[in-house]
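Let's start with one chain on its own, the form predicted alone, as C-alpha cells.
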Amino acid sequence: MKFTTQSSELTKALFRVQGIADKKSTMPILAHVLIEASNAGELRLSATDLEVGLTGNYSAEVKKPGSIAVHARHLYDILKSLPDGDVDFEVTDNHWIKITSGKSNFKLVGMTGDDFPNLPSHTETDIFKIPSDDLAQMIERTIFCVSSDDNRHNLSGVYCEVRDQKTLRLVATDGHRLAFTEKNFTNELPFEDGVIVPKKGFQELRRVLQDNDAVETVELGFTNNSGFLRADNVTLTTRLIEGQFPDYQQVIPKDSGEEIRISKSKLGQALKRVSLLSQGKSYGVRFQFNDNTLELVAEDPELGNAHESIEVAYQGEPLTIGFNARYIMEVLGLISEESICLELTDDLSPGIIQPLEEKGFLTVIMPMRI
C-alpha cells in the first residue's frame, strides 16, 4: 500500500477515533486503526472497541491500494507533530509502515488488516435525517444524566423513542436525577420501539459534530440490536443496550407544584459560592423559600458555613428542601434563557427545573437530606 495525503486531514481523522480505539483491551488489534486505500483515490479509516465503531472516508492520492492496521495513538502523535503539507505512507515487508513528510522520516510496525474486526452493515436499516444542531443539543441535554453504575446496565445509555411519528424524545437517568428533551420534526421518524443508545456512542457522535461545523444533517437508523449514525463522511455504528428502560413518566411529578421563577445567572453564581462549604462531595445545599426570597445554606463541620439570599418569585408557605448543588448547576449550564422555572411540591418530592419559555426540556432532581 502506498498513498499521499494532507497531514492536517489525516490528523483530524485520527483525532476522531482516539476515544474508540481501545488501548486497555486484551485484544491488541482494538488499539489500532484500520487504514484502507482504494483505487478510487479514497482513504478509509476505521476503529472499533467491539461496542462502538467509527469509519471515515477521506481523499488521497493512492499509488498502490491495500490495507494496514496501525496503533491509533502512536500514529496520531506522529501526525500532529508534523507541519501542514503532504505526508507519504508506504507499507513495506512484514507490515512495516514508512511515513515521510519533508525531511522527517518514521517507521512504525503495523498489523495485517485482515485481523481487524468487521464493522456491522446497515444496508437494510430504515434511515431518517434530522438537523445536526438539534441532535447535538438533545444529546448535550441528556448525556450528563447517564448512570455510571456498572450494576445498572439499563441506565448506562440514553433512551430514544418516537412519539406521534414526528417527535423524537431522549431521556436519561442515574436514579438521582432525570433529563427529558424532545423536538418535533417535519419528516416522519421510522422507528417505533424505544432503544437505549450507550453513552459512548453519543459521546463519539458529539465529538464528530463538534469537529465539523459544516455538517447540517445527521442520518440515523436503528435495528433490533444496533444503531447507525452518519454525519457527512463519517459513519458511527453502536451496539444498543439490551434491557428495559424504566418508566420515566412515573418519575416526572404529575401534580402541579409551586412554580418559582428564578434568575438563572443569580442562582448559578450563588450556588457556586455557597457550595464551596458544602459537606464532603455531596454538594448538599439547603434551599429555604420565604416570601420572594430564596436563602441558600451550606454547612461543613470542619470548615464552617455559607449563606446567601437572592430574590425569587415565590408567594407560598415557607419551604425548606435540600439539593445537590452540582446537579442544579449542570442543568443551568444547559439552559439559554435567563429565567428558569423551579417547580416544587414539598420537601420530600423531586423538583423540576426547566426554561421559563422554551418547551421540550426539563430535569427532575431528587431532594436530599441535609
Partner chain sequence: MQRIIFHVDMDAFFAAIEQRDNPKLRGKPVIVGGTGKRGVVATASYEARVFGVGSAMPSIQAKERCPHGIFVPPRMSVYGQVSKEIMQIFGHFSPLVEPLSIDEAFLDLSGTEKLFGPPQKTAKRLQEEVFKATKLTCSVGIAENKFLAKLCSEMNKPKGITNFLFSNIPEKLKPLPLNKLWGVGPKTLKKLNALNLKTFGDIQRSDEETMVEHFGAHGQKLFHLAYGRDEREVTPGEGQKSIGSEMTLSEDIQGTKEVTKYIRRQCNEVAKELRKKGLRGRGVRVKIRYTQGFITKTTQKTLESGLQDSTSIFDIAKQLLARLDLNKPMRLVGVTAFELTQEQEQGQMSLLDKNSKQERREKLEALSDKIEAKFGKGVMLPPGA
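Positions refer to the first chain, counted from 1. Just so it is clear, the structure is predicted and the values come from calculations on it, not from any experiment.
Just so it is clear, the following notes concern the form predicted in complex with the partner chain, a form of the same protein that is not shown.
Quick one: of 75, 178, 208, 135, which gets a non-hydrogen atom within 4.5 angstroms of the partner chain in the model of the complex? The option sitting close enough to the partner is 178.
Please run the contact check for residue 152 against the partner chain in the model of the complex: heavy atoms, 4.5 angstroms, yes or no? The answer is yes: residue 152 has a heavy atom within 4.5 Å of the partner chain.
Could you confirm whether residue 1 comes within 4.5 Å of the partner chain in the model of the complex, counting heavy atoms only? Judged by the heavy-atom cut-off of 4.5 Å, residue 1 is well away from the partner chain in the model of the complex.
Does at least one non-hydrogen atom of residue 290 fall within 4.5 angstroms of the partner chain in the model of the complex? Answer no; every heavy atom of residue 290 is more than 4.5 Å from the partner chain in the model of the complex.
Might residue 358 be said to contact the partner chain in the model of the complex, defining contact as any heavy atom within 4.5 Å? Output for residue 358 is no: heavy atoms all beyond 4.5 Å of the partner chain.
Thinking of the partner chain in the model of the complex, which stretch from 93 to 101, 224 to 232, 190 to 198, 167 to 175 has heavy atoms inside 4.5 Å of it? Of the stretches listed, the one contacting the partner is 167 to 175.
Taking the partner chain as it sits in the model of the complex, which residues of 326 to 340 have a non-hydrogen atom within 4.5 Å of it? Please list them. Counting only heavy atoms within 4.5 Å of the partner chain in the model of the complex, the single contacting residue of 326 to 340 is 327.
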